[in-house]
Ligand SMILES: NC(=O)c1ccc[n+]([C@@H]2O[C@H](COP(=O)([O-])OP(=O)(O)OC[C@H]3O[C@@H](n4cnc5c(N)ncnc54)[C@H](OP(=O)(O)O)[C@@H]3O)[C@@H](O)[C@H]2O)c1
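Just the one chain here, the form predicted on its own, laid out as C-alpha cells.
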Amino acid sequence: MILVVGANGMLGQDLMQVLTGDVRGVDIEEIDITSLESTRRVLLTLKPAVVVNAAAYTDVDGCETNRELAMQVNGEGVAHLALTALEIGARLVQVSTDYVFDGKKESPWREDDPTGPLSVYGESKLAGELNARLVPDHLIVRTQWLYGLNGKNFVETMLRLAGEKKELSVVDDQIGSPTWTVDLSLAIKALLDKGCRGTYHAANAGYCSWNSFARAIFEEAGLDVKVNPMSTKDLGRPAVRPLYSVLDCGKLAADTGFAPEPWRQALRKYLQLRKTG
C-alpha cells in the first residue's frame, strides 16, 4: 500500500489521482507528523509499503517569523516519518524544493550540486532531506514553482488580480520552471514504478521568469493585462529567494524514461482543465 501524507493538499490530491494500486491518504485530521506518537500510531496501524510525504509548511515568508514551526513540520516531521518507516520497513518519498540552493549558479542545478539555502524555508526543507536519508530506501524529489487545481498558487493569484486590475508589476529577475502538480505526480509515479532511490529533480521542461510566467498566463487565458517588470529587491519580501533555480531533470528522464512536458504546454492543459472541470 502507498500512503500519501498531506493528501488534502494541492500536490496530495493529484498524487491520490495519479498513483495506482492500493493508495490511501491521510492529512492533519488523522496524522500530526510533528508528533512521533501520532506518526507511529498511523503508520504502525496501516503498515504501508511506501510513504509519500506531501505535507509541508510552504509559506516561505511565514517561515521567516515562524522558524520553530517550519523546522518542526519540514524537518522534525520528516524525521518522525523516517524513524517509523525504518521500523516497518517502508520506503520514504520526500518532496523537496529548489530553495535548498542559493541560486548563484548560472546553469541548471544538478542533484549532486552543493546546497546553500538562503531562507528558513530552504533550511527547513534541507533538514527534511537529511532526515529522509535516515531511511536507506528513500527517494527525495526536488521540484519548484508548483501550481495545481487544489490550492493557492501563482496562476490563481494572477487570474484573480486580472479581475481587479489591468496593469501589474511582477518580478523578472527570478528564473525557474513553473511546474504543474499533475506532472510532478507523474514523475513520482515513474520513479516509484522503476524502484529508483536517492535524489531526483522533477519540474516541467524549459524555464522563465515570474514576469514571463504571468504574461503567459494572461495570453493563454485570453486576458488583456499589462505586466511590468520589477526587481526582487523592490518587492521587499522577508525571505530571500534564489534568483536562478532551474533544476536539471536529466537524471529523471535517464532513469525512468519519463520527461515532464514543457511548462507552457502544461499551463495550457491546466487552464483548459480549470475551465471544464
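Just count from 1 along the sequence shown to find any residue number. This one's a predicted model, so the numbers in the text were calculated from it and none came from an experiment.
We do not show the form predicted together with the named molecule, though everything after this point is about it.
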Is Trp180 close enough to the named molecule in the model of the complex to count, meaning some heavy atom within 4.5 Å?
no
Is Thr34 one of the residues lying within 4.5 Å of the named molecule in the model of the complex, judged by heavy atom distances?
yes
In the model of the complex, does Ser96 come within 4.5 Å of the named molecule, counting heavy atoms only?
yes
Would you check, heavy atoms only and a 4.5 Å threshold, whether Ser212 touches the named molecule in the model of the complex?
no
Decide if the three candidate residues Val155, Ile217 and Gln265 all line the named molecule in the model of the complex, where lining means a heavy atom within 4.5 Å.
no
Val73, Val135, Val100, Leu191 - the one with a heavy atom within 4.5 Å of the named molecule in the model of the complex
Val73
Please identify the residue among Leu139, Ala82, Leu146, Ala187 with any heavy atom within 4.5 Å of the named molecule in the model of the complex.
Leu146
If we take heavy atoms and a 4.5 Å cut-off, which stretch out of 47 to 55, 248 to 256, 232 to 240, 218 to 226 is in contact with the named molecule in the model of the complex?
47 to 55
Using the arrangement in the model of the complex, list in sequence order the residues of 212 to 235 with any heavy atom within 4.5 angstroms of the named molecule.
none
